[in-house]
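The form predicted alone is given below as one chain in structure tokens.
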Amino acid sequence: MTEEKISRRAAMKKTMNAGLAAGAVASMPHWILPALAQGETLVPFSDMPEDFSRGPASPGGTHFMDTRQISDFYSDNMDFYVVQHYGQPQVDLNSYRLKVTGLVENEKEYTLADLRAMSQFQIDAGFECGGNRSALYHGLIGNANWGGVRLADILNDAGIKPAGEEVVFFGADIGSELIRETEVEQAFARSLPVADAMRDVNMLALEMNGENLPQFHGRPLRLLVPGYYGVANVKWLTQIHVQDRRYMGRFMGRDYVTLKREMIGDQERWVENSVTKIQLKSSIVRVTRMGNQHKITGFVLNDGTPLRNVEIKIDNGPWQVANLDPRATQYSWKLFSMDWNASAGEHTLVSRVTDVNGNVQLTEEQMPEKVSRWENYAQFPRTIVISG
């Protein structure tokens, strides 16, 4: 049996143990089961190329999943999306140390054994790349069960001094940057204000779907900030540094920065912001056919704010409430589906999500004008042709 199959079986077992008895499988919504059941076919979208495909994850490469083939609540470790900016460093596990430095009462060092000996917890969390987009079927995405140490325990252990305002996370992945005509070496790094860093859901992750953290995903240790875009979740984590000012490295101050035209008071201005919390987003990613019955499937991601509902509109018809996967948790992705008695011809499908505060996923026309490619969260209409 291959490692991939073992991983998938472990994820499925974990799903079943999360309150779903094996005898209840037959009554589950259809989309919880494997993507294409016997006799079920995938209906292609007419706004995407028919030969759309993606290869397997490879060392040092970017990987996105084919969201039309989502089959499990937990993404397989080998199919969860991969993006890196300075390669994928091989960290020596025997000599590995996590350092905590800066404005703390006690600078600390932790071995992997030290971290594993601390109190552990698990959390389901899904996220996407800040540059995820419809051209990739929104495939820069994934959902997993993560296990590790609370970041707050590490910070409390070191003791943040009153002057500490920002917590910076440095990875072992290092690259060369040309800054003001000077070649400098920089580690990938991101930061959080102290108050955000102290959230009890933030994790230093050692495990992913019950396995040691894979190399593609930051072995041996990565930061996990539930509700934030993937860029915040620093991989191959080696140092946590507390300082008294905002960190302005490339991936906080120059890249992964949105540029949007917004109203500031009564003045229209261009505003720059670091990509941080996931914006309210849903997307339809699959339509399947079983006999004469069709099913529409998609996902929701957001910052963890509870949802009111997800709705689907077909052509110029009314918004219809879709079914949400009951296994969804606060920070996981939320899969949704709706049965559709489709008529022959071309149709336009779109979804929207509303949270408990009444915030509704915006249309493209309602979005602020922006020139950066980050945070693509407007409603995503899809076109499809149903044969007679």
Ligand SMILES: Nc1nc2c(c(=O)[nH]1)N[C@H]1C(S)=C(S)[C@@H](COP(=O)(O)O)O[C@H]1N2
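Quick caveat, the model's predicted, so the values are computed rather than measured. So that there is no doubt, residue numbering starts at 1 and follows the sequence shown.
From this point on, the text means the form predicted in complex with this ligand, which you will not see here.
S.K.: Looking at N209, T276, Q239, N233, which has any heavy atom no more than 4.5 Å from this ligand in the predicted bound form?
M.R.: The residue from N209, T276, Q239, N233 that makes the contact is N233.
S.K.: Considering Y74, F299, Y228, F188, which brings a non-hydrogen atom within 4.5 Å of this ligand in the predicted bound form?
M.R.: Looking at the other structure, the residue within range turns out to be F188.
S.K.: Is there a heavy atom of R254 lying 4.5 Å or less from a heavy atom of this ligand in the predicted bound form?
M.R.: No, no contact at 4.5 Å.
S.K.: Is G126 close to this ligand in the predicted bound form, meaning a heavy atom pair under 4.5 Å apart or at it?
M.R.: Flag for G126 set to no.
S.K.: Answer with yes or no whether G171 is in contact with this ligand in the predicted bound form, where contact means some heavy atom within 4.5 Å.
M.R.: Yes.
S.K.: With the cut-off set at 4.5 Å between non-hydrogen atoms, does V83 touch this ligand in the predicted bound form?
M.R.: Heavy-atom contact with this ligand at 4.5 Å: present for V83.
S.K.: Spot the stretch among 215 to 223, 95 to 103, 198 to 206, 314 to 322 with residues whose non-hydrogen atoms come within 4.5 Å of this ligand in the predicted bound form.
M.R.: Every other range fails; the passing one is 215 to 223.
S.K.: May I ask you to list the residues of 97 to 116 that have any heavy atom within 4.5 angstroms of this ligand in the predicted bound form, in sequence order?
M.R.: Nothing in this stretch is in contact.
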